[in-house]
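Listed next as C-alpha cells is one chain, alone, in the form predicted on its own.
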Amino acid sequence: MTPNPLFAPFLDHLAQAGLHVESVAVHGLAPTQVLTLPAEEWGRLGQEAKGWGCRWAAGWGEDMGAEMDPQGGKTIRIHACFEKGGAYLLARTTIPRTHPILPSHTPSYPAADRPERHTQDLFGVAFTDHPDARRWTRHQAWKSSEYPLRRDFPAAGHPPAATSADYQYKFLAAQGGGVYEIPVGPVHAGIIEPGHFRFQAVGETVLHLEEHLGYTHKGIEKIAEGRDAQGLARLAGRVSGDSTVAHAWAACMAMERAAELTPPPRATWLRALMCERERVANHLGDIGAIANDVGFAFSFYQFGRLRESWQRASFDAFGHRFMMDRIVPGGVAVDLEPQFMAPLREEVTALRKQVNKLMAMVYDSPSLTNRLLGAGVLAPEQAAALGCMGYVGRASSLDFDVRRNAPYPPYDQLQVKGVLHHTGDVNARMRVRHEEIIASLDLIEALLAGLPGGPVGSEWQAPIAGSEGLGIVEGWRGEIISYARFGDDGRIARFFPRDPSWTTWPALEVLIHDNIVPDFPVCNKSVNGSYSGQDL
C-alpha cells in the first residue's frame, strides 16, 4: 500500500526507530492508512505517535478466533486510530487469547484510558502499564472470568437472579481537614440517564470529581454481530438517540466503504441536510438548558419552543421528529418532496432572526453572563490531552471539524464556516453552539439550493468476506468514528462506534476543579456528554 503523504514521514520515522511496522492494504479501508506491528512494540507506537503530534482518536478490540493465527490459536486484534492534519491512521496488533497482555497507550494519551479499560473488561486484555486497572464497563453484571465480547460468550450472557450492587468501586478517598464527599447518582432527580459522580469539596469549592459511568450498557457491540447491513444501520441509530442521524450515517459510510458502494449524490445531500437539522435542534435545546441551570428560565422556554417547532418541521419533511431510521445503507429511506422546499427555506430565515435576537438578550443579561464567564474552564492543553472534539474542543482553541478538515460528500463541495473560541469556559461553549447554529443554517440554505436530482439510494450488495470500512462523520457533539467488518455470509462480524462523549466526559472531571458545587449542573450541561453514547 502506498503510504499517505501525511503519514509517510511518520512511517519512515517508526522504521528508523526500530519498530517493525508494515503498511498494509485492506479491502474497503481506503483512504485510511493501515499499519500492523508486533504486540511488544504497541506501547512504543503510542510514544512515537505522541511525539509526532498525532491525536489518539479511538481504540477497540476484536476477537478474531483462529483467523489470524496459522497455528490455529485463538487471537484478539487490537486497533488504535490516530489523526493528524485531517488524515487517519489505523494501527493494529494481534495477541493470543491465552495470554492477552499488551502495553498501554494511556501513559502517552490520557484519551486512551477508558477505551482501554473497556477493552480490558469485555475482552480480557491486560494493559501492563495502564495506571488504572479498575473495571469500567462491566460493573457486577459478569463474573471476573467472563468476557462478553469474546466469540464464545452468548449475547444473553448468564444472568444471575439478581445483580449485586456496584458498591466496591474504589473512588479516591477524601482526606484532610474540612474535606468531605458528595455522592451524586447514579439515579438522578431528573429524567437524565444514570451516572455516578463523586465530589470532594472544601466548603463549596470542588477539589476533585470522579465519574463512574457504564450504567446504560446495551450490548450494542455484541448484538451487532450477525446483523445484515439494514439491521446494523437501525442499531447504530440507537447508540445515542440525540445523534441518531450522525451515528447511522457513520455506520452506513463504514459499510458502504467496505462494499465499495457510492450512494447517489441526492442521498448524500439529504443525509447532510438531516445531520445539520439534528445539529441545530440539539444546540437549541442545550443553550436553553445552560441558561436554565443558572435560573434564566425565559431562555429555556424560548429555545425549547424553537426546538419543538424545528423538530415538528423535521417530522413533516422526513416522517420522524429525530429523523431516526431515515439513513439506510446505500442512501436514505425517504426523499424530500418538492412541497417542503419553500417551508424549510422560510423556517431557516425565521429561525436565524429569532436565535440572534434571543442571543442578544442572553449576552446583554449581566446576571446570566456573570455565572457563565470563567466557569468550568478547560484549558487548550487539557482539551488537547483528552482529545476533545466538537463544541467542547472548539471552545478551547482546538480547530478541528471533520466536515472541513477531512471532508466527505457533500461537504467537499460546500463551505463550512469555522467556529472557534479560546477561553474554554461555559460561556465559550454556549457561544460555539450559537455560532454553529448560524453556520448550520447557512449550510442548510446551500443544501436546499444545490440539492441534486436523481435517485435517493443504490441497491445494496453485501461485500466480500473480511471487507472492512471506517466511517467518520461530524456529529453535533463532534467526530464520530464507526468501524464495521463483514463476515463470510455478508453479515456483520464486528461493529464499533466511537461517540465523541468518550473524549468529553473526562473533560468534565478536569474543568470542574476549583468551581463551586452549585455550578456543577451548568458545567455539566455545557459539556453534555451522552451517557448512552460512551456506554455501548
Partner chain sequence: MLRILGKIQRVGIVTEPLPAADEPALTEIGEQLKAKIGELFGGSLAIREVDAGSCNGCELEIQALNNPWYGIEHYGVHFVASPRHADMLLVTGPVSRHMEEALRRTLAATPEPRLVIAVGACGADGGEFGESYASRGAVANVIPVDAVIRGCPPTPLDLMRGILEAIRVR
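On a predicted model such as this, the values are computed, not experimentally measured, just so you know. Positions refer to the first chain, counted from 1.
There is another form of this protein, the form predicted in complex with the partner chain, and it is not shown here; the text below is about that form.
Checking 101-109, 430-438, 268-276, 154-162 against the partner chain in the model of the complex, the stretch whose residues place heavy atoms within 4.5 Å of it is 154-162. Though the partner chain is absent from this view, in the model of the complex it lies within 4.5 Å of a heavy atom of just one residue from 402, 122, 254, 332, which is 122. Of the listed positions (140, 205, 413, 369), a single one reaches within 4.5 angstroms of the partner chain by any non-hydrogen atom in the model of the complex, namely 140. For the chain shown alone, residue 170 is not a contact residue for the partner chain in the model of the complex, no non-hydrogen atom being within 4.5 angstroms. The partner chain in the model of the complex is not approached by residue 292, whose heavy atoms all lie more than 4.5 angstroms from it.
At the 4.5 Å threshold, heavy atoms of residue 148 reach the partner chain in the model of the complex. At a distance threshold of 4.5 angstroms between non-hydrogen atoms, residue 190 is in contact with the partner chain in the model of the complex.
The candidate site formed by 214, 234 and 309 is fully in contact with the partner chain in the model of the complex, as each residue has a non-hydrogen atom within 4.5 angstroms of it.
The partner is not shown here, but in the model of the complex the stretch 309-341 reaches within 4.5 angstroms of the partner chain through a heavy atom at 309, 311, 312, 320, 321, 322, 324.
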